[in-house]
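Presented as structure tokens, the chain that follows is alone, the form predicted alone.
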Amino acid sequence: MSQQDIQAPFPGLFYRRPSPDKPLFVEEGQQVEAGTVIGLIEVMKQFFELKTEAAGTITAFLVEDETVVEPGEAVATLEVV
């Protein structure tokens, strides 16, 4: 197994849930498939899905919900199976 960081592709505000009253997209320790949405990045009132590129387990989120992220910043760590 190897680990890879899931990085923000551009600057914006990172959200871990689709709306304030909805559950998190994924929890730490949750297994995911390639293409699973783990969060949203808001840029100028538009929302973009942040997805995994491989199947594995989300081992950690490296930024808090509703945090400003920079391009290339690691948002979460994925242990690839």
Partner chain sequence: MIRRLLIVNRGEIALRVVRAARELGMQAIVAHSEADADSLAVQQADEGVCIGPAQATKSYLNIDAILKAAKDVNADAVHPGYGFLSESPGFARAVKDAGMVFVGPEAAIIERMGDKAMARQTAIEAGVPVVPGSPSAVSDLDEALAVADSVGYPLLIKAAAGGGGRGIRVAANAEALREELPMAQTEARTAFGDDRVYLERFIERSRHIEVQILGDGERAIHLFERECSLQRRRQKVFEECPSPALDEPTRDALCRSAVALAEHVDYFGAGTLEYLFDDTTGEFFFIEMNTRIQVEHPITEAVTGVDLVREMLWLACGERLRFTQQEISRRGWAVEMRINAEDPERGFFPSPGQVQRLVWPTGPGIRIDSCLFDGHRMPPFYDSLVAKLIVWDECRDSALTRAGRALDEFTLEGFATTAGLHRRLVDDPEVRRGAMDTGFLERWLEGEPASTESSSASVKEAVS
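Keep in mind it's a predicted model, so treat the numbers as computed, not measured. Positions refer to the first chain, counted from 1.
The same protein has a further form, the form predicted in complex with the partner chain, not shown here; the description that follows concerns it.
Of the heavy atoms in P11, some are within 4.5 Å of the partner chain in the model of the complex. Although the partner is absent here, Q30 sits far enough away that none of its heavy atoms falls within 4.5 Å of the partner chain in the model of the complex. The closest non-hydrogen atom of A34 lies beyond 4.5 Å of the partner chain in the model of the complex. T67 belongs to the set of residues with a heavy atom inside 4.5 Å of the partner chain in the model of the complex.
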